[in-house]
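Below sits a lone chain in structure tokens, taken as the form predicted alone.
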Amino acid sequence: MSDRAFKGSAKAASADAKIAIRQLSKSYDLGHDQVKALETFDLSIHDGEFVCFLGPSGCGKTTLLRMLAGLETPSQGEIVVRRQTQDRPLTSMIFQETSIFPWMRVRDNVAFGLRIRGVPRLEQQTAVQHFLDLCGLGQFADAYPHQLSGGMKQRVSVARAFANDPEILLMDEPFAALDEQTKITLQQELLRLWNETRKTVVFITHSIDEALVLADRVIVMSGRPGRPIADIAVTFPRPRLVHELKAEPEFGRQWHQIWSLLGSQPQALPEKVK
């Protein structure tokens, strides 16, 4: 077992935390000014948890995800990630925008991470076919991305991430650009995949509905500079059916609780820092 840490030691992590975030701050130099995206951010996420982050635009949600992926470093504080094995990637990230390779067939896109890691061909083929079937892509295995709808392209992104078998999945509003019917279908498929694998998932969304449907915990963030202002346990039993869950009185109660928290936070002016 090994730890990945940024700007700090592993001692600050909770003993059973998969991800420990301690006194994390992130600032951007915009020339004549500095913008604080995150400030004194503290949080622990446990192995196998599905955690959704909600907050006003500009509160640092994507910045946090990029630091978890190792794409950016904190200005202060630390992120400690407890790694279980060196044989699998630590993280895979799914973006809002389509990020699959347009020159590759669907099956080759899904196999990409496995091939880069040198996984034996037969093992690649088995894993790829498994996740193609789970994501409803079996008959599109030989299609190119330009032949697919937006929803189908995001299915390919999800299948590729799961096939690569990371310890942690980082998802940045992956369904935000999709129509409502497609979004609900993919939420249900993601729940099914997560129920099978029980990976640690950090999921960014602007949708209260989506957070309550998917998550074990919903972290509500303040306006910029972002920090957690509420950590809400979502206790609906799993497996979950989206259409049934939304009819539950408790769903409505938690929805209004989160809405009230978000409504108390100022909206940041649009800019690159999210």
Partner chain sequence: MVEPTNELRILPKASHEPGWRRVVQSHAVMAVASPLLALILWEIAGRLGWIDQRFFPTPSSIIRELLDLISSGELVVHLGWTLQRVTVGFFLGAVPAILLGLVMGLSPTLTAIFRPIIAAIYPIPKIALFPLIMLMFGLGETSKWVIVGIAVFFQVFFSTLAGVANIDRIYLDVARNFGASRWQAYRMIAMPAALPFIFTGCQLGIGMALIVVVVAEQFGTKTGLGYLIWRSWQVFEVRDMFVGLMMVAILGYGIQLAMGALEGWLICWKPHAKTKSLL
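Note that the structure is a prediction, hence the values are computed from the model and not measured. Residue numbers count along the first chain shown, from 1.
Unshown form predicted together with the partner chain; subsequent notes refer to it.
*Asks:* Can you pick out, from Ala230, Leu245, Val35, Ala69, the residue that has a heavy atom within 4.5 Å of the partner chain in the predicted bound form?
*Replies:* So the residue touching the partner chain in the predicted bound form, by this definition, is Ala69.
*Asks:* Quick one: of Leu193, Val201, Ile100, Leu178, which gets a non-hydrogen atom within 4.5 angstroms of the partner chain in the predicted bound form?
*Replies:* Going through each option in turn, the one that passes is Ile100.
*Asks:* Looking at 182 to 190, 143 to 151, 76 to 84, 128 to 136, which lies within 4.5 angstroms of the partner chain in the predicted bound form, counting heavy atoms?
*Replies:* Stretch 143 to 151 is the one.
*Asks:* Taking the shortest heavy atom distance, is Arg160 within 4.5 Å of the partner chain in the predicted bound form?
*Replies:* Yes, contact at 4.5 Å.
*Asks:* Does Met93 make contact with the partner chain in the predicted bound form, using a 4.5 Å heavy atom cut-off?
*Replies:* Contact with the partner chain, yes.
*Asks:* With a cut-off of 4.5 Å between heavy atoms, is Arg115 one of the residues that contacts the partner chain in the predicted bound form?
*Replies:* Heavy-atom contact with the partner chain at 4.5 Å: present for Arg115.
*Asks:* Can you name the residues of 26 to 49 that have a non-hydrogen atom within 4.5 angstroms of the partner chain in the predicted bound form?
*Replies:* If the 4.5 Å heavy-atom criterion is applied to the partner chain in the predicted bound form, 26 to 49 yields nothing.
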